[in-house]
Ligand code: GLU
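Coming up is one lone chain in structure tokens, specifically the form predicted on its own.
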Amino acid sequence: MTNNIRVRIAPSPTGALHIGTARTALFNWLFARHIGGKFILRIEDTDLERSEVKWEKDIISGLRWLGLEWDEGPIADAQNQKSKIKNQNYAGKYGPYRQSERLDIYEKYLKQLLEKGDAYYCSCTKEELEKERNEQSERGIAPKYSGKCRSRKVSEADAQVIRFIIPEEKVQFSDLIRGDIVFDTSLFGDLAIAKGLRVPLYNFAVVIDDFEMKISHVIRGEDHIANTPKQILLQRALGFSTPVYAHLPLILDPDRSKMSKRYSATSLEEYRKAGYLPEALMNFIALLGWHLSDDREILSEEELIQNFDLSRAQKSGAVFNVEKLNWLNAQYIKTADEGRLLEIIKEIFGEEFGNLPLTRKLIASSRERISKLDEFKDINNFFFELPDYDPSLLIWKNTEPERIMENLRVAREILKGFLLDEFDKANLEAKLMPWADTRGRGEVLWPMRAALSGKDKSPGPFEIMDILGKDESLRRLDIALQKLESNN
């Protein structure tokens, strides 16, 4: 039976791939991988005015970055296209997987509905429809199309749209997440399903595609619940089987309002540029509206696949908590391969920055303090260039400046005695700490750390010196002494 499990993600290339669509894609992908089914990518690009190739590329790139490879769908690059399937731009036997390449299929089914009398040409203009809706609202009637073109003989040339006749009945379906749902279709009015024989609209095209592509389960956001009865009626009129539906909870901002660009609606590419790891983002969005019985929060891809069960999806909205995302990402950064982190840092800050020898050292020293990799430069900027700072930063509590200077001079002399290959954290700490204990750790270590970083918050002095090296460490202590001497 699992061979017949087929799910899909069907984004429109009218904008960047964002968290909401990525979450829906992930749930479909996990469902297919858990049960041994197929995951299909379909590009719904019939909105010719708004669809752009650049957004399709963004969708494909984002899904691949997240690790959501599809079993059937568009082939993303020319090399695959050339090597896998000759003269086709898709992989799978139910293609094409772009709606713009399926117009002949839609035309066939539209003609079928028109010939059976289940659909008709409608010549009502936008202005007429608006006037009708306003009049209904004034009478306290829920606005819907009156169906006045049903009995008219409207030619194809004069038509504004093709409408499907909605039977007035109760439509019930069982949702895997929400249970039984019932709609009274007498409230709908006849449904616009195309602007012409070769210009299908969403509700019609998705019914045709899901049937032709043998989709068994439709897992999508709850904003599509109202579309479901309309699609079921179209399926019945065309003699199609009805897939199993599951409607995921909406993603909400922290104030429980609909997600906005300030939080969760940010494009996936922006998260990538900010230095989130794909496995951390996958982990995070998997828990937006779904959880395990033991409420574990850190789950690998394998664990997500193994444990995925739609019965554990919640009905209420899922709050997007950016603090939790940052915490999760920080956990993944701590254990990620250093070479991989270096490559991501190169992507964010440029190839030259990533190739600096200092960068490799800093990854090891700062990964415990970073929640996303775009913080790397700000956290470590003083390693690359000592910021200008006020001499008062060097003073520990109420210690006299003269004593601070004396301590820095002694420390400098001790450091001068190290050979280059001895200048590391362990040796520095072993040599300097016994002396610092005799003088007072605070009045020795605070001025040293401030002199080396130019900041009031930074790693400890031994860690900084290990990374800077002997010559740069001595140079920065000299600068500190000059500041104190000039200030006295």
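Since the model is a prediction, treat every value here as computed from it, not as a measurement. All residue numbers are counted from 1 along the displayed sequence.
Although it is not shown, the form predicted in complex with this ligand is what the next lines describe.
Trainee: For the chain shown here without its partner, which stretch in 156-164, 219-227, 142-150, 398-406 has non-hydrogen atoms within 4.5 angstroms of this ligand in the predicted bound form?
Mentor: Within 4.5 Å of the partner lies stretch 219-227.
Trainee: In the predicted bound form, does every one of K38, D71 and I215 come within 4.5 Å of this ligand, counting any heavy atom?
Mentor: Contact check failed for every one of K38, D71 and I215.
Trainee: Using a 4.5 Å cut on heavy atoms, which of A10, M465, A22, A480 is close to this ligand in the predicted bound form?
Mentor: Selected option: A10.
Trainee: Sort through F188, Y94, Y202, Y121 and report the residue having a heavy atom within 4.5 Å of this ligand in the predicted bound form.
Mentor: Filtering the options by heavy-atom distance leaves Y202.
Trainee: Applying a 4.5 Å heavy atom distance criterion, does V206 contact this ligand in the predicted bound form?
Mentor: Although this ligand is absent here, V206 would touch it in the predicted bound form, with heavy atoms inside 4.5 Å.
Trainee: Using 4.5 Å between non-hydrogen atoms, is E44 touching this ligand in the predicted bound form?
Mentor: Close contact exists here: in the predicted bound form, E44 approaches this ligand to within 4.5 Å, heavy atoms only.
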